[in-house]
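Let's start with one chain on its own, the form predicted on its own, as structure tokens.
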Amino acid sequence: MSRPVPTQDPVETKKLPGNTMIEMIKVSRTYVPDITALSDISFAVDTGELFFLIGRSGAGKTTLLKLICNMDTPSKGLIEVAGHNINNLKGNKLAHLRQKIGVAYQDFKLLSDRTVAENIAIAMEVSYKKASAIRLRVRDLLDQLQLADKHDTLTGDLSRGEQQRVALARSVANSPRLILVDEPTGNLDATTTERVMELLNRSNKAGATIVIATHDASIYKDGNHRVMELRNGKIHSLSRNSR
């Protein structure tokens, strides 16, 4: 009798010490010639937490998200994601971890010559999901974000608000363990903002750890979530909202 083949990759089965998804210890990031984007940042985000990162433009929010997903590297300090020092991971191990991280960038990073459906499907195709499952997931996400009529539209022909929603749908499509979202509601009206937050809250309730960088106080002020404020690249405050 043959032995069953494990279906989970090494990242997914790794036990997380202290139930921590993200940990930064004395992290700084400087750029030539002498620009300090982040200075001596230390904090942790629990697995399954919905965590808000706030601060004015230039405070360091986007830089911090880039460090978490390994789009940038720290000048000093330690960053662990899912129990791994992310800056030491190479090759297949890094690829496995990145498949578990969904990112909705502030500048969207969509493929403008591909359709909405194709842009969302990419995240699942690299994980070798079945084509039928991909089609169903894409249509479900478009329905949730009121974009069903844009299924076959080139993303270059969309409004900025529509592009923002497509970027968000792509970030959650593969049901990642960690979702990083940079200004998810900046181009949206109140009704669409509510739909976006409903989608993110559903992902969070399904087990995803979510970090949201935002200027929009309306999406966090009434929730029981931790909020960290950055000022001039440093942590100004870290507190929990109370309803």
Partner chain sequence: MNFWFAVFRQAGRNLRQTWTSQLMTFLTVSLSVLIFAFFYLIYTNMIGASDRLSDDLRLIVYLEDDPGPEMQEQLRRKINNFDKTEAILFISKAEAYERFAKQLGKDSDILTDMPKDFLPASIEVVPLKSLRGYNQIKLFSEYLATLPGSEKVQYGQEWVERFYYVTRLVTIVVLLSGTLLILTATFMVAYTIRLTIMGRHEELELLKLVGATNNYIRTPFLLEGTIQGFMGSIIGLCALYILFQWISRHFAGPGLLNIFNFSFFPPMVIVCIIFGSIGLCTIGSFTSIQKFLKI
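Please read these numbers as outputs of a predicted model, since none were measured by experiment. Numbering follows the first chain given and starts at 1.
Beyond the structure shown, there is the form predicted together with the partner chain, which is absent from this document and is the topic of what follows.
Chemist: Residue 158 versus the partner chain, in the predicted bound form: is there a non-hydrogen atom within 4.5 Å?
Modeler: Although the partner chain is absent here, residue 158 would stay clear of it in the predicted bound form, with no heavy atoms inside 4.5 Å.
Chemist: Just to confirm, residue 75 within 4.5 Å of the partner chain in the predicted bound form by heavy atoms?
Modeler: Although the partner chain is absent here, residue 75 would stay clear of it in the predicted bound form, with no heavy atoms inside 4.5 Å.
Chemist: Answer for residue 139 alone: is it within 4.5 Å of the partner chain in the predicted bound form, judged on heavy atom distances?
Modeler: Outside the cut-off, so no.
Chemist: Does residue 143 reach the partner chain in the predicted bound form, with heavy atoms at most 4.5 Å apart?
Modeler: Looking in the predicted bound form, residue contacts with the partner chain do not include residue 143, since no heavy atom lies within 4.5 Å.
Chemist: Would you point out which of 113-121, 76-84, 161-169, 145-153 contains residues with a non-hydrogen atom within 4.5 Å of the partner chain in the predicted bound form?
Modeler: Looking at the other structure, the answer is 113-121.
Chemist: Enumerate the residues of 120-147 that have a non-hydrogen atom within 4.5 Å of the partner chain in the predicted bound form, in sequence order, or give none.
Modeler: 122, 123, 125, 126, 128, 129, 130, 131, 134 sit within 4.5 Å of the partner.
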